[in-house]
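Given next, in structure tokens, is a single chain: the form predicted alone.
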């Protein structure tokens, strides 16, 4: 499944304890605190390992998330907007991460730019409810997806570096 570096990175992400979604107002606040602490830890660890690759923030309620992710290929940084909503059945259901600008460019994506995580990530998420959270979604879902798809999209000419687009 995951390589050793990914296993190590994921093992350092704190596991979450509160089994609550956005419908449960009081416990949701506790879950959000755990989510933020895990995300902060994951980002700090990534920075220490010189592997900083995303920024994420949410609306006040913690139900809509958005930010940027990037992938370095041949020393060029490819940056994308990302977004997702927390499902009402969260954490039993994993969020569906979307990269709208890549919509329609790969078969491993659903309408609206939602990345396909069905085969590999969703069974892993299901086995780890409620311990997995958004940091795990990034580490085991979006990160590996970018690592596989972005180089392929570049090779096919479907994604160009920003500097190459303007020339």
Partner chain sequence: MATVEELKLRVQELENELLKCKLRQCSGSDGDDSHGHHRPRIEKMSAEVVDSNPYSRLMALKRMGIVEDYEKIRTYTVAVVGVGGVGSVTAEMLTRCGIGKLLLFDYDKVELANMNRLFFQPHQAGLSKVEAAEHTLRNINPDVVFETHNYNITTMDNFTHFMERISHGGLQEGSPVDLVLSCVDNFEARMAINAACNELGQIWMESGVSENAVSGHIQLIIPGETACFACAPPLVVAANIDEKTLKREGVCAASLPTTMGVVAGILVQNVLKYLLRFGTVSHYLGYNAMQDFFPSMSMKANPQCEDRYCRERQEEFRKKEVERPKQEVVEEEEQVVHEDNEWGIELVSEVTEEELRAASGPVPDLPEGITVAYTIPEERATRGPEEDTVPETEQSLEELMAQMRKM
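Predicted, not measured: the structure shown is a model, and the values here were computed from it. Positions refer to the first chain, counted from 1.
Unshown form predicted in complex with its partner chain; subsequent notes refer to it.
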| query | finding |
| --- | --- |
| Residue 143: touches its partner chain in the predicted bound form, heavy atom cutoff 4.5 angstroms | no |
| Its partner chain contact at residue 50 in the predicted bound form, heavy atom, 4.5 Å | no |
| Residue 56, heavy atom within 4.5 angstroms of its partner chain in the predicted bound form | yes |
| Interface membership of residue 83, its partner chain in the predicted bound form, 4.5 Å heavy atom rule | no |
| Residues of stretch 26-45 in contact with its partner chain in the predicted bound form (4.5 Å, non-hydrogen atom) | 29, 32, 33, 34, 36, 37, 38, 39, 40, 43, 44 |
